[in-house]
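Okay, so here's just one chain, in structure tokens, the form predicted alone.
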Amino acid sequence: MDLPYLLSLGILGHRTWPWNAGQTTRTVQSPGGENARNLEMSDVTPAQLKEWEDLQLHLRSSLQDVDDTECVIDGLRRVGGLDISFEDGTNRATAVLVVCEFDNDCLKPVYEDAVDVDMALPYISGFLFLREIPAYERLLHRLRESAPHLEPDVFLVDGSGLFHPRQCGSASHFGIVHGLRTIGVAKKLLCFDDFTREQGQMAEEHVLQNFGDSIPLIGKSGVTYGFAVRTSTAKPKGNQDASMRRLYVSIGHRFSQSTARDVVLKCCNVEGGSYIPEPIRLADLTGRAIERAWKQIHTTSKPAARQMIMDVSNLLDDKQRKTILSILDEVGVGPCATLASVPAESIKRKQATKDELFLPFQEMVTDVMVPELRAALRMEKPWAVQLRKASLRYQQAGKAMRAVLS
């Protein structure tokens, strides 16, 4: 989503808000350069809010709330999950796309990608698309450039779709603009004029005895916004009510409400899964792993180190990370050294390992300090141990993925 496109839709609405399209991170700041304060709610005018409302209402008119004729739940092969993890106390965040493929009763990850985002725009209830859609679009673009054969049949978005004041949350916005099948999956109940707190309380207190039980979320106008769905198979412990482990599911685009509910249940009822649909759960775990690695070094590191952590997560699988880490241990690199200081002749490994993994990686992160690199390489991602990634030599030392952003 580039600047002209955003302006044409009225998403920015203010010429002094630069949106740095095509960069590794995108920031929106008030005038004044790097030291400018982040935008606050007071910076948003009523006219801008009206523009954004009109955009959502316009998109809502194109929302398809019936199933595609070719959409068959039993025939779903791949499902994508989109989630955003925030760095505590800042506007920085990690947006992640994980694509899973059905294999009998399992959903196995076949693709993952993370991008760094700066959410300097203020949080405004009902307008989360401003903060989320640009990151989701970058992830979609990168997927289509690097692995188009893995594009999923449906995208599950951590958020709302039709269950929204103007019936167009981020899941719907993303689906309508790109013609995708999307479903909104929210962990918290949203209340607004047509769906009051009293109605929300009744929905939350309704007992859902068994996995798959659901109740419709119906507004005062009679609109069915979605379902509260019991997605947990866990049995209650003590006085705990297991039926509270529920999600609020609403269509995004190209689904009926009942089919959207059934797709979410299918993605929860998998081996090793939880009450969160597996693709979103894995996207959340990946984002948290990246943020944990960054937290270890952020006080002493340059911003470029954050991109290095993204690269390690995106481009290296578990085996590759461990191989590079063991090479650093074997050559005895000092704490103040950079990766560029490691001579290739000191590495006692097969030439293929050096040519296809270490040397391309060294080219990609030449100036990174070894302690920073170790924090990234030690990233724990046990849910992705079976996810194999190509040798860096064939990823052009990461340039293939980075080029998508230009």
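Start at 1 and count along the sequence shown; that's the residue number. These numbers were taken from a predicted model, which means no experiment stands behind them.
Beyond what is shown, the protein has a form predicted together with the DNA; the following relates to that form.
Check your understanding: Pick from 183-191, 138-146, 320-328, 215-223: which stretch has a heavy atom within 4.5 Å of the DNA in the predicted bound form?
Key -> Selected range: 183-191.
Review point. In the predicted bound form, which of the listed residues (S301, Q257, S85, N314) lies with a heavy atom within 4.5 Å of the DNA?
Key: By the 4.5 Å heavy-atom cutoff, the listed residue in contact is S85.
Review point. Which pick from W294, Y111, F127, F102 sits with a heavy atom within 4.5 Å of the DNA in the predicted bound form?
Key: It is F127.
Review point. With the cut-off set at 4.5 Å between non-hydrogen atoms, does E278 touch the DNA in the predicted bound form?
Key: So E278 does not count as contacting the DNA.
Review point. Is R261 close enough to the DNA in the predicted bound form to count, meaning some heavy atom within 4.5 Å?
Key: Answer no; every heavy atom of R261 is more than 4.5 Å from the DNA in the predicted bound form.
Check your understanding: If you check in the predicted bound form, is R131 within 4.5 Å of the DNA, heavy atoms only?
Key -> Answer yes; at least one heavy atom of R131 falls within 4.5 Å of the DNA in the predicted bound form.
Review point. Heavy atoms within 4.5 Å of the DNA in the predicted bound form: does H164 have any?
Key: Yes, H164 lies within 4.5 Å of the DNA in the predicted bound form.
Review point. Listed by sequence position, which residues of 160-181 have a non-hydrogen atom within 4.5 angstroms of the DNA in the predicted bound form?
Key: S160, H164, G169, S170, in sequence order.
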